[in-house]
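Only one chain is included here, represented as structure tokens and corresponding to the form predicted alone.
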Amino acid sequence: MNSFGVAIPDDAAVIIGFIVVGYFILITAFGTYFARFSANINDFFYSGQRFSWWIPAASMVATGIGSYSYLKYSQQGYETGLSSTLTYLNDWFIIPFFMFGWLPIVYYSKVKSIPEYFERRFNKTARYIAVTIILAYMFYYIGYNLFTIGVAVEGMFGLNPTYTVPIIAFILGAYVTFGGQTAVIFTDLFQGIMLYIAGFTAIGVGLYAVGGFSEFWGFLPVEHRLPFVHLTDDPKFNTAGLFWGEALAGSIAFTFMNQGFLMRYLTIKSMNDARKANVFNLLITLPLSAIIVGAVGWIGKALIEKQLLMGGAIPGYNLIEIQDNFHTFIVVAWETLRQNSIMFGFIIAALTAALMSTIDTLINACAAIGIYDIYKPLIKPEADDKHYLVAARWASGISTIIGLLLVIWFAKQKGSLMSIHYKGIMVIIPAIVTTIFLGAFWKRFNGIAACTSMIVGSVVTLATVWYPDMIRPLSEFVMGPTNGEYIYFRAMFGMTASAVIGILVTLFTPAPSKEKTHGLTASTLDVAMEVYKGAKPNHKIGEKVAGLEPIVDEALAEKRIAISSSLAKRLKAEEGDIVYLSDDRWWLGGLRSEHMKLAKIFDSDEHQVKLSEASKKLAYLLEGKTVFLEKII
């Protein structure tokens, strides 16, 4: 019996191992294939901003589910029931701020990284404070994910993480280093599908084992059926703490400052499509993900309760014993699959995919900050695109190595995996998420206040690690558990302190200049759209016109097209507008596409698009394939 408390025979372990290794090879090959779509630095990090909304939206499934998610939330589902969904469903209140504020600010301002926004909105000092904090946040996540998969592999197969984790890191680094963001998106798209298939398979066999949904619901304790646990009773898991810490700090951090998450939106062809992806994520992805990662824990509780009532094992199954709640998912999946090595291997491979799909996003994001905020402005400001593409691949490799080295630190930490996770994250994020929020939604907020709130707010938050009683007054004020060491309230304390510092400094220092706010705050988005286009936006709503033949015209400059007046009328487009040209095949999701500027409208009824050969190459268009046009702005 391994450390998960699951009796996996040696021959079964070999089969499971082969499936997992085969899956790794398949994913690596799948990811590296898309290296051909990274011809320049913009392609490498932002996929040329060419995708339809549904591809990045679907790929976010895998980004939002980490290697620890199945284990951590199945454990929580086993212990507290349906309330385990709270951490995935707490994002509702920040969506309007993100969809109509922060996302369009970042999208239209064309910043390549969050720290770049800090320099344009505040000053260079703020930029490099932000670089330090954001890299700490992302490296922490990379190291933590690698560490947890090492723990899982050791528990199931008895393999030393000293050997397995570097191999996994090498495979991850390979396709991210050479494939870039496009490889990450399509790999995550595939892995997201696998995650859902594996998750619903585990849920399906679990429900079958317990006797169907009615039996499951009947044996699930009443308190486990409730969507919320008690407001403050349990200092480790309570509704108040989850909101003030996980939702307020954690969700804002993941949505507003997670460079990898934002980069997914910045690969989408238009702001309208980006908002569609956001709505899809809120209404579809997050609820389904909450069920996927927590439901096996709910079923496990019902199975245990049924066994207790029957006085033994359920007919046709072994007695299910969960010795450590953190291993709930592994134990329940293995036993309800009736120890089917092939099916269990597939589910474990999907759990491994959760690791890969979270880390690949973070590696690519770290590399983006490394290039756009460190290498390009400080080391090599004047170089060609080819040079930066090579440097980006080096940055991806270095990011992987740093994350791997952090595994050594994680291995020395004590406590549960969840406590180790929040030990660092809830110290890192409070000051910077508060600064982002104030900067985006308060024009008066200035550079001096931003730098002060990030530095002093971070120091004050860090001080609570040694002086946890600093948190107690705030915890009591919002009716939280009066436990000064409670990690969720550390984040809230840090955000409150940072906000107070930022507001006070702002009120006693000069207001920022117009150039520091125009197009960079929620109240100046009209300016942002004009800067994005380079002219007054055209908000007339036209139709998408398909079945067009691309015709080469070398008189046109790169990324410039010419169309007939009849087409322009249907598109409601004018000269100077930005239009989106894409291969007609919808299922490519924009893989072969590019944004173009409408350079000329000629008096004709021709159903054609004229562009240069260089523009066709930029859009990855194939000979003999028709295209469609859509006006963007």
Partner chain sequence: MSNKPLSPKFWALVAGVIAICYFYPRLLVGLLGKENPWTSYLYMYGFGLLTFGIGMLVILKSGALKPSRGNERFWMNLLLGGFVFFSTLHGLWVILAINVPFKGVVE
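Residue numbers count along the first chain shown, from 1. Nothing here was measured: the structure is a model prediction, and the numbers come from that model.
There is another form of this protein, the form predicted together with the partner chain, and it is not shown here; the text below is about that form.
- Taking a 4.5 Å heavy atom cutoff to the partner chain in the model of the complex, the contact residue among 82, 322, 499, 253 is 82.
- Of the candidates 547, 510, 315, 534, 510 is the one whose heavy atoms come within 4.5 Å of the partner chain in the model of the complex; the others do not.
- Taking non-hydrogen atoms only, residue 466 never approaches the partner chain to within 4.5 angstroms in the model of the complex.
- Proximity of residue 195 to the partner chain in the model of the complex: non-hydrogen atoms within 4.5 Å are absent; the residue sits far from the partner.
- In the model of the complex, the partner chain sits beyond 4.5 Å of every heavy atom of residue 288.
- Heavy atoms of residue 477 reach within 4.5 Å of the partner chain in the model of the complex, making it an interface residue.
- Residue heavy atoms within 4.5 Å of the partner chain in the model of the complex occur in exactly one stretch of 182 to 190, 223 to 231, 342 to 350, 255 to 263, and that stretch is 223 to 231.
- Annotation: in the model of the complex, residues 272, 276 and 539 each come within 4.5 Å of the partner chain through at least one heavy atom.
- Residues 522, 523, 525, 526, 529, 539, 541 of 516 to 547 are found to place at least one heavy atom within 4.5 Å of the partner chain in the model of the complex.
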